[in-house]
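Just one chain follows, in the form predicted on its own, and it is written as structure tokens.
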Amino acid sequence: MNEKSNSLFLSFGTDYYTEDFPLQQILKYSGLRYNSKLSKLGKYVSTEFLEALDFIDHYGKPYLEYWNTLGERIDHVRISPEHRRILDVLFSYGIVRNVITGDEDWLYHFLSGYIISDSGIFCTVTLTMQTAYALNKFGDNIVREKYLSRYLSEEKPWMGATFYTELQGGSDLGSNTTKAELVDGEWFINGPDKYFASNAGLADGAIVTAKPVPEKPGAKGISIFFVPAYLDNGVHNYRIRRLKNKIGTVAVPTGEVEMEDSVGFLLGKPAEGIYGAMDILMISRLDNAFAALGISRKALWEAFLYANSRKSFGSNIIEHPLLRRDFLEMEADLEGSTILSVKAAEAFNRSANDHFPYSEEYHYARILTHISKNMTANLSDRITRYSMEIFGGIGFLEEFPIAKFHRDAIVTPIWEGTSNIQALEMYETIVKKKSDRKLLETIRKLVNGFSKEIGVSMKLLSRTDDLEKRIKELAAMGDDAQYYLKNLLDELGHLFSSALLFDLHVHSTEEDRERTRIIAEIYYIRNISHGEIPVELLNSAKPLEWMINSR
């Protein structure tokens, strides 16, 4: 059969794990071992996966079937056989099962998200991981034996979901109206409007937030429950009102769920439900970060390959100084966000088994998660949009894949809490848990370690001192501090990323030191000193040439 689909993707056939040179540098710096399974996944994603997801996005979106042939209400979301096969392949890599069983650490899961990156299909994986994590961490022995085992099965494992959001509340879980009532030892959930229920219709069960009766006001009244999609007798346990028509993330069905006397199983202590809900949410926020990074990397890679092939005014467009500068700046920002996100994932990996009241390490993971989620989402929006610009007119056409990258990227600043929510929750960890102390201490330790080799070390230390004073000033401002929290969120992220990039440079091999120096200096100038980038840095091809050399 004549097959030309591979010509749509210039990076077709690339190993998105092994051949991603900056990622491998960062993983080596962090002491993470090479994983051959991720290499296999990287090759699969760049071939069968990308082609299939592009087709599903345009022609194979999920749809809701309300009734079966006998006239029975089934609320079944139908997906294409290829869509189902892709999910089977992804789950066969153990990116959920192997982490819960301890055969792999959390970095394996998060790096899988970076490689897969597609916000739609990876959302299904994320929601399944959250469900398995919640059952494993908060479920009693009966619930774990009956339901967790289904999620860890190697043959047709269950899929999951988290039904948190309601129309009237959004991120304000304290305003949820869904209720849970204990009757003769069994919990029944009632709520008409779980409004953004992703994976509804595919999930075999969901983590649901609800307020036990008698209700307690606010977020402290929230508890978490596991609600199976079907009861043991085959009866559907909740209804799907409709699926939403989205501009992106087509591969994951997002619906509206209604619960009427739905049977649920309490997870953890009722009074600690909000802490469990936020604990579970950390996974999706880190997944959001790594997926955003992966989309950014694929879009930038595609755009760079195109810029090296497309001629304008007598030369390849990559040779034009303005374009080269844009690529260098985006590459530096992408590597800075990647190294910070890896550190956030490592912190979560160290604290994933913590329970309320949580440890200092857990709150450190939380502050890094808020920073990482915010930085990577905004960056993904910017890089994918600019990559469309590189492609010119065809970048705006749906028949070519670059537009899909952008449509899938622009949800990442919205999902799992907007930038305002990330800033507010980050500040809550500072005020109540003093999470900034470990972060600032970590930055100082990094900078002091390379202070003799890096000329801007004193400026980085001075900036760290300034932020410490700024945090104290904000604490004295009361509610008015909220006006400035997004700036603080960005500044903490840029400072930590800059320190990490210089430390990566110092610990690089002789062969790589020039490249890592250029990246670190560009990032510092763009995001810390806000000066002009010297021509010497902008003229270098080293930071970008790996994308061509890998082909």
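Just count from 1 along the sequence shown to find any residue number. Since this is a predicted model, take the numbers as computed values, not measurements.
Just so you know, the form predicted together with a small molecule exists too; it's not on screen, but the next bit is about it.
For the candidate set 392, 192, 170, 218, a heavy atom within 4.5 Å of the small molecule in the predicted complex is found for exactly one residue, namely 170. Among 435, 374, 384, 162, the residue placing a heavy atom within 4.5 Å of the small molecule in the predicted complex is 162. The stretch in contact with the small molecule in the predicted complex, judged by heavy atoms within 4.5 Å, is 418-426, chosen from 297-305, 310-318, 418-426, 131-139. Among heavy atoms of residue 327, none comes within 4.5 Å of the small molecule in the predicted complex. Among residues of the shown chain, residue 144 is not one whose heavy atoms approach the small molecule to within 4.5 Å in the predicted complex. In the predicted complex, at least one heavy atom of residue 254 sits within 4.5 Å of the small molecule. In the predicted complex, the small molecule sits beyond 4.5 Å of every heavy atom of residue 117.
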